[in-house]
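Only one chain comes next, encoded as structure tokens, the form predicted on its own.
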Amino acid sequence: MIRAAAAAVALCALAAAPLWIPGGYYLNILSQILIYAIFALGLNLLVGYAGLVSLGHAGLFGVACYAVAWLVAAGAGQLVAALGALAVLLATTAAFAVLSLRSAGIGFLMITLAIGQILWGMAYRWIDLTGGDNGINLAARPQPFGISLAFATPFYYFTLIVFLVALASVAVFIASPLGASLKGTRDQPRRMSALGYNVWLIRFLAFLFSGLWSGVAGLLFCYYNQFVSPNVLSLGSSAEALLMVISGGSGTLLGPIAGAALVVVMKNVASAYIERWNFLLGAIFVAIVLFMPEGLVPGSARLGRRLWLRLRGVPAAGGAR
């Protein structure tokens, strides 16, 4: 009941954001948070629920960006370009998964890192296709159902709708039998294989779903900036997404959203007032690891329960009786 009420309040606050957030700048910041939250939700499917840490997901994010920008520049309509970009993304994700799922643990991390760097190198050097450092400009944002997304408010609502769809679909996936099987492959892969489950296939399908939402976030990012360059595929972008997942709480639904909000606010708001904002972000991350190793969301929930029990006079577990 409390969770449902909190979710309803959060949804109302997001829906009314243009009314209480002053100016278009901070509304654009909120749009960025939602975009990166979708990216982090997709990555969290692998990191939190499959136990597979990827350092190459920015490659998938960037492939979607480049695909839609290139198709629009080639003269395709916005809808055709978006669908074509998703098709390219899924094909790339499938190849990415086939190569990286040959291993697990540190091997998986290193393979994803290598593939991500290969994609970054292609974007940087294949100038005829990607424009190199000059990137590709997107002439205009799409107009779904004739509604222009050129301004901050309509684009924010469009991003919010996609975010809610992503959040709902990830929640359904996690609660489904496939999601339960994915958690089993994370905790006991050998036992799952002995029970007759195809561990590789379960991870492959999770990888496809993860890549899909990472690519959707890439499409929104391209629409937001109306520009794409090799920086979106860089190792730093993959590391930022991983930081969002870990700092917020991997293996939770709300953790990646909190992590995305933290990183985006530090990059876009705190950096305007603090020159060494990277140092501050690093200090916050170290503090989270030390005091809330499970992440911001589950750590805050744990501290909240402890405070509530203390206020009620209930001794903590393991305390004196």
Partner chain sequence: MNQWLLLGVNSITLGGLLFLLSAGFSLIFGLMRIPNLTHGSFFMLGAYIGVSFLGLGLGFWAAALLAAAAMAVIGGGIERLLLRRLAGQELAQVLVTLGLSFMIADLCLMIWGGDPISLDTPAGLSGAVPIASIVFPAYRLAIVVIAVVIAVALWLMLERTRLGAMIRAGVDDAPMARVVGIRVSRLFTLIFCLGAGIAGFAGVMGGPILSVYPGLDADMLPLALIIVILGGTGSLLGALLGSIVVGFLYNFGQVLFPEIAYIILFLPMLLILLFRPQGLFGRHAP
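Positions refer to the first chain, counted from 1. This structure is a prediction, so every number in the text was calculated from the model and none was measured.
What follows is about the form predicted together with the partner chain, which we do not show.
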property: Any non-hydrogen atom of L55 within 4.5 angstroms of the partner chain in the predicted complex; result: yes
property: 4.5 Å heavy atom contact, W120 to the partner chain in the predicted complex; result: yes
property: Contact flag, S103 vs the partner chain in the predicted complex, heavy atom cut 4.5 Å; result: yes
property: Touches the partner chain in the predicted complex: L281 (any heavy atom, 4.5 Å); result: yes
property: L30, G75 and L83 each touching the partner chain in the predicted complex (heavy atom, 4.5 Å); result: no
property: The single option of L90, I161, I147, M110 touching the partner chain in the predicted complex, heavy atom within 4.5 Å; result: M110
property: Members of 221-255 lying within 4.5 angstroms of the partner chain, judged by heavy atom, in the predicted complex; result: L235, G236, A239, L242, I246
